[in-house]
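Only one chain comes next, encoded as structure tokens, the form predicted on its own.
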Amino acid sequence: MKVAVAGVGAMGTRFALKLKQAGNNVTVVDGWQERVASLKKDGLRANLDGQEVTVKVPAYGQWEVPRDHHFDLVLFFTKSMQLEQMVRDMLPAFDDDTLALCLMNGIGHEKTLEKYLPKERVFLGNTMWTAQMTRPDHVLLEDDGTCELSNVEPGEPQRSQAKELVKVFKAAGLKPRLLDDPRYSVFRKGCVNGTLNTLCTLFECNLTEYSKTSHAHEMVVKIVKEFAAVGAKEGVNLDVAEVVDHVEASYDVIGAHYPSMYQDLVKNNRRTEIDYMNGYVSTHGKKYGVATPYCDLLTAEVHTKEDLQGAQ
């Protein structure tokens, strides 16, 4: 399969690297000039499960994507606030049969993709792999994980195309699962991000450290209930107890991990994706008349931390 990975941070690197190693034709695209220069010079460089690997792939800045390239799939891994511009910049590389798959953190990305692409070519999901960018030219990839995906628009041939994507990802060792309802999965992953990403960033701790605090469970439950209340208004009915168990299972699986929002704000002083996590719940709670005091406060607190630090 001919794949463009649009957004080659830590997670984009994992997928680009694994897909290339499995024999796919992979091109990478990014908007960070220092990252693009590194990719052009040295290719994808990572510590993959304790082994240093380097794989050369064609690399472009998103401002210079060739118009004569055909891709079977464009896989989006930007930061949430960068998605719309990346979609616009990638449009010249889309043919009538190019598929778009978004596995990014955050809720509502299908709405952005559908502004520019037919809904039947939009695919959605998430990933539970971990990844960490250690330098502009190097990524740390460790721990086990999975990914989930499905077609947004029901019916054929979309379902067959989703099955083909699952087949390609399985061959690359990315442990995919075909979903019935991708929006349920996205909201469920949003609960992981809206609890552990946000709280570990504010308290500057890893998952294990957070889990040992006296109010950890209570806060997770309150936040998940708010995600569920907003989700219900959008036709996504979360099982609160199951989702809380899913969030808290992360403590044993990746307890030493510092989430991506922590890496962005605490480690690299970059602005976060909070508006697409707790902020999505806060904004849409107001729209639907649903009280979301935890997500309201957490969104304001993260933005305050960004302002105080002068995050870029």
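The model shown is predicted, which means the values in this text are computed figures rather than measured ones. Position 1 is the first residue in the sequence shown; the rest follow in order.
There is also a form predicted in complex with a further copy of the same chain; it is not shown, and the following applies to it.
Residues of just one listed stretch (102 to 110, 179 to 187, 213 to 221, 130 to 138) have heavy atoms within 4.5 Å of a further copy of the same chain in the predicted bound form: 213 to 221. The candidate spot formed by 297, 300 and 304 is fully in contact with a further copy of the same chain in the predicted bound form: every one of the three has a heavy atom within 4.5 Å.
Using a 4.5 angstroms threshold between heavy atoms, residue 203 counts as touching a further copy of the same chain in the predicted bound form. Although the partner is absent from this view, residue 84 stays clear of a further copy of the same chain in the predicted bound form, with no non-hydrogen atom inside 4.5 angstroms. Residue contact check for residue 23: none of its heavy atoms lie within 4.5 Å of a further copy of the same chain in the predicted bound form. The closest heavy atom approach of residue 209 to a further copy of the same chain in the predicted bound form falls within 4.5 Å.
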